[in-house]
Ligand code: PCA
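This document opens with one chain alone, in structure tokens, the form predicted alone.
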């Protein structure tokens, strides 16, 4: 695991935030950046979490949620928390896989493709992931899954013969790998920038859940969605380690209670919305269907290769996650 080395100034910021938050007995205001639109269920649950935190900490912590990358862009949120610019925030966990390969545990194609199996995979991964995050100066308070990932295109796609040269929006190393294996050109684009990228031709395809397509009204630019259910990735709400360690025990317990309840509610909402998103895409003119057998077979072969490569980079910790999951 990679160890995150804090600068002296960053440490000072984190410790100052920790000591000022509760030692004087006054409520501390926390800014919580989130990358997705205010109407997305992840962001809505950020607000639910904030409300629960106020209640369960008796007002010791007052969290203001900043959705849609309005405070920090998605790619900057983790760093802002690590260095103490903000105490808390949310990010797509596998977005950090380039820095810590283990954090791609939830992007292993076709391993855990139901909500039940995804929950089992998180239970198998939780302790190992938390140890990795500790090395990054982070504490995960809760995680929440997206619906299964499928492919968006602006034309009918039956196999990789139809995907050559397409500019493909990627959001992490796994999606970039899928693009390259299918002969496409990966372009790193944050969710908040997706609509503009599609409108200007920077990208014309991507893999994501129905949620992203619905939030960004991609039917204005794309015509087809192929259900693949390759994986159910997770967002996570994280807090700076120094801030967390500086909390009074009662305040920390209140935060964790709020986190546990929000995690359960958010996962249930994700499952509830999964088919709703498909219906909305179809209602707005998109063709929504299962991937054809030839395309799916290619994807499964790519997925097996990606899992093998992940095990090489994640090492014994990665293998331990898979072993624990399969033993359940």
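These figures come from a predicted structure and were not determined experimentally. Positions refer to the first chain, counted from 1.
The following text describes the form predicted in complex with the named molecule, which does not appear among the structures shown.
In the predicted complex, the named molecule lies farther than 4.5 Å from every heavy atom of residue 49. The shortest heavy atom separation between residue 169 and the named molecule in the predicted complex is within 4.5 Å. The shortest heavy atom separation between residue 184 and the named molecule in the predicted complex exceeds 4.5 Å. Taking the partner from elsewhere, residue 92 is found to have a heavy atom lying within 4.5 Å of the named molecule in the predicted complex. Distance criterion of 4.5 Å from any heavy atom to the named molecule in the predicted complex singles out 209 from the list 143, 128, 209, 118. For the candidate set 157, 139, 179, 191, a heavy atom within 4.5 Å of the named molecule in the predicted complex is found for exactly one residue, namely 191. In summary, the region of this chain contacting the named molecule in the predicted complex, judged by heavy atoms within 4.5 Å and restricted to 157-165, 201-209, 76-84, 240-248, corresponds to 201-209. Residues from 147-168 that approach the named molecule in the predicted complex with a non-hydrogen atom within 4.5 Å are limited to 149.
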